[in-house]
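Before any questions on binding or motion, here is one chain by itself as structure tokens, the form predicted alone.
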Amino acid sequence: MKFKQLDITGFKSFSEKTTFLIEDGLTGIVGPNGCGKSNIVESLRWCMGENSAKSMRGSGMEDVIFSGTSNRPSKNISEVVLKLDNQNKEGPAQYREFDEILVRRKIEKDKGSKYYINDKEVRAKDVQTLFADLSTGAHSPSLISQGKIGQLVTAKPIERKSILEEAAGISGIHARRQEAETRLNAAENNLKKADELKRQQQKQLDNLKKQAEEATRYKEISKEIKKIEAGMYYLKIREIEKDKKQIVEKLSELEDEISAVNIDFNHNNTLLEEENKKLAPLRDKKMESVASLQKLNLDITNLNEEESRVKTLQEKLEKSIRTLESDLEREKSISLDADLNEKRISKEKEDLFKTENELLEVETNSSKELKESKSQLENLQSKLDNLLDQI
């Protein structure tokens, strides 16, 4: 399998979708410092399953999303798609039927990242295992960044071993070995838990056996208790029958006494009826007296009510008389005030007439004086005109 194409969208310095075609032979990318050459390698590692933000030169994984510039707005999504050529069918067994394999990683703000293989969502581990089977990956020695060559030269034996394993194409086996060991450890833990559960169940089973034995003994003892109780009930029944006979005898004696009492009671009832017949006229007179007394009480009550009503009416009339007397006095005072006001108004009216006559006289004198002034003014005007004519 070969890397065929790399599509980058919104990753670090790549705000718009950028496509890199990886042809046969040597493909080189040149440019000045800071133009984003290292971002291409980091996008490749990120798509292969890199989960360390520090390795991506950031404080958090969301730092790989394009943060914007003065001319371009920031992005909310970053996506890298790596196209693998599988014409030779050398890929993993589950992907050999595909001519191309698309590995895509997408991250969105506040939602985390997702991995896709041929547009099917998968785990990060599945992507890492896929590239491990291809003897590469995010931490592969074949991805050489700045300062990496010096690290390879001074690498420890264990690190050199990983380089040789990748060159031999067994790094994927080691990844699966680690996964198998993890599963094996989990299975061993499950077996330990199962043994512990089995011991607990055995303890419960022993307890249940003891309880079953105790229940059996309880049933036997219950049967014996029931037999003893049955004998006791039989003896009690015999005693009850004896008591019953004695009670029946006593009842017969009591019935004779009751019959004698009934005879006396009937005799007394006869005497009582005769006495009631004698008391009947007296009861009728008593009822008549009670009726007369009730009528007298009712008449007294009506008279009392009538008396209270008359007193109330008398109080109202006295109150009305007092009100009328006060109104009469008030009307008298109002009448006196009206007479005084009438005299004062008539006097003021006479004064006004006198003042009006005086004003008429003053107006007449004023008009006369005004006419005289006008005539004098006309004379003066005529004289002035004559003088002007003479001049």
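Residue indices: 1-based, along the sequence shown. Predicted model only: the values in this text are computed from it and were never measured.
Note that the form predicted in complex with a small molecule isn't included here; everything after this is about it.
Here the chain stands by itself, but in the predicted bound form one stretch of 30-38, 360-368, 45-53, 324-332, 30-38, has heavy atoms within 4.5 Å of the small molecule. Using a 4.5 angstroms threshold between heavy atoms, residue 348 stays clear of the small molecule in the predicted bound form.
The closest heavy atom approach of residue 63 to the small molecule in the predicted bound form falls within 4.5 Å. A residue is said to contact a partner when one of its heavy atoms sits within 4.5 Å of a partner heavy atom; residue 13 meets this definition for the small molecule in the predicted bound form. Using a 4.5 Å cutoff between non-hydrogen atoms, residue 343 does not count as a contact of the small molecule in the predicted bound form.
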